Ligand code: F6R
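The chain below stands alone and is given as structure tokens, in the form predicted alone.
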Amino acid sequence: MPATKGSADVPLSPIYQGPLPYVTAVERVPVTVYEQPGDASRAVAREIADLVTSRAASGKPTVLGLATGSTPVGVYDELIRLHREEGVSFRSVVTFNLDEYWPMRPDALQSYHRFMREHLFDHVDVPVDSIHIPDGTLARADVPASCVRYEEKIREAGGIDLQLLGIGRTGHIGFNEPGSSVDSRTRLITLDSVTRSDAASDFFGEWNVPRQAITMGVGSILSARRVVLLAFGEHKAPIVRRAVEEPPTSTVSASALQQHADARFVLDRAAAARLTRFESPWVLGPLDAVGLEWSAALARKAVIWLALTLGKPILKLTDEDYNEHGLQDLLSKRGRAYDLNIEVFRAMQDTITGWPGGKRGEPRRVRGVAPADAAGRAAEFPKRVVVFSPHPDDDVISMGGTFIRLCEQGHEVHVAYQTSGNIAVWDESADRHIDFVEEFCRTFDVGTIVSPGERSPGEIADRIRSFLRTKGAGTVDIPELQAVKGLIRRTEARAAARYSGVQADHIHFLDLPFYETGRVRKKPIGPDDVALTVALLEAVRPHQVYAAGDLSDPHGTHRVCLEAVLAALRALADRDWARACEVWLYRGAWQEWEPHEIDMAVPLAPDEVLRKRMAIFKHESQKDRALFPGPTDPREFWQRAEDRNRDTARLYDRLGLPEYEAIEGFVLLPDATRAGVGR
């Protein structure tokens, strides 16, 4: 096997017991993988700072190519910290941004001029005249000459020393959509429908997204002396694999980096999940030759992979199946296929339970819960349960069947809605609800007499409607409209929770402050977010916590909400109840756990699937969420949730396990992760 590269940079995932190598036989471009996005961002920021500092010491400027979007924000945050706390100066830096929407005012919320000021330039000492970003205000006739001049400025600056990139779902770098030539230079380009769909939430609707953008070309990017591409999240994993492991193609412009002498992909574990070294490392040869060992978790993954690859139930796999598909090494270490099949089959069987909270006085047989702990926890009945829902509908969309079952089986179920979700309500829906309130007030003669200094419902309605008449695309809502939209989500969430069986006084609205910006991009988690979460947990003292582990959420809300829960549990780590509390992670509408990852599988009968659907339907303002997309297909959330649950059930059936209508999967959060190890 080839020598490893960069393995010292790679923190280990629990499924792997050795370093994670760079495999030149499969990966066509160097790749460095970190367990968490923050680790990757800090490493890249340090690389940039070291480059700037070393060149400045030699009297040379550093020319940086910069990217926008959520992915590089962590790098910019760390550069700001290095400037403020360690004295790193950027006075010798010249910057060229990749792209800008066209047409676009530089002060618009979605402008990359504004993005770069808010996320970097206003906080470091890069000279203003050293900053270059394509001009989105030009007349169409002036754009070509401006693009030529942009290329000339890069050459006059000495060329780009380090180019920072992200990657879109179409594989684009910059706005170089599928079909872009490797020789392309800065130009005006028409955006792909997928790119516009992914940007829709930033513009509060796809119809508001500009159809064109000015972008540096693939050839412009390849001219940089060093290129670093960042990618985070499960939704980037498929396109990362294509860009890294498949031959270069113009349909995936990021694959052109394979031709660069000093290009590198920097990924978190989620974005790297589809690379061969993670998805099926055994096909590369004996694991010990690449620094891995056959842990129980990795063996389970391999057996399930083999069964699904061959279309066979686990118990029908033969010695020949293992030998002919790269698993000779596993078979030689574990003995007969029969024994290995039984081991994995029983492990998967142990995930299935119709009693997610356990039965009174009976030990729970759930994978990941130690028998002694299971018996001890079973003594507590009913269980106190807290379901954390990042948005007001994630509880019923992601685990509605389990949610309803926990209530039906007599447990004390609390639901905590972590954010208001107000940005996901259309203006038309808010206007309709305002109309209802006005009709209500007129019918019952409410609000016609108000105290001095107070506003009547009609005055508030008039102010909102006046704003809506002049509201521009992507404009932040006024506080009154934000409040109305938040109330809409709140009443819908309350209706869905009550329908699911939750008592009214067990419904909690945390309204975490990080979310309340009125914009798609949110603030980082803060002490107030954690304090609100701590207060709820301390009040309930749950035996079980369910939280969203769907880190593919494109705007990071799920990720931040999980961080708030974990930070709160760490703050409460000295409490006996907290040490014994199980933390179960569910997935949202974007992604399901892989079968080898699932620790608890809760099967749903056909009537339970229908009840879950009805709970989702209580969120009437979200019925058109297909128009407010993330990295998804155009179906509505309830359809994707049902299909996802049915697909999980079909996977279990294909593996030879009992056949169900649908299954909701959960992963038990390891104690080490709860304690902050590897974060």
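Counting begins at 1, following the sequence as shown. If you're wondering where the values come from, they're calculated on a predicted model, not measured in any experiment.
Not on display, but discussed next: the form predicted together with fructose -6-phosphate (F6R).
Remark: of stretches 98-106, 326-334, 428-436, 311-319, the one touching fructose -6-phosphate (F6R) in the predicted bound form is 98-106 (heavy atom within 4.5 Å). In the predicted bound form, fructose -6-phosphate (F6R) sits within 4.5 Å of a heavy atom of Tyr112. In the predicted bound form, Gly168 approaches fructose -6-phosphate (F6R) with a heavy atom inside 4.5 Å. A residue is said to contact a partner when one of its heavy atoms sits within 4.5 Å of a partner heavy atom; Ser70 meets this definition for fructose -6-phosphate (F6R) in the predicted bound form. Fructose -6-phosphate (F6R) in the predicted bound form is approached by His172, whose closest heavy atom lies within 4.5 angstroms of it. Residue-level contacts in the predicted bound form: of Lys236, His414, His558, Lys485, one residue has a heavy atom within 4.5 Å of fructose -6-phosphate (F6R), and it is Lys236.
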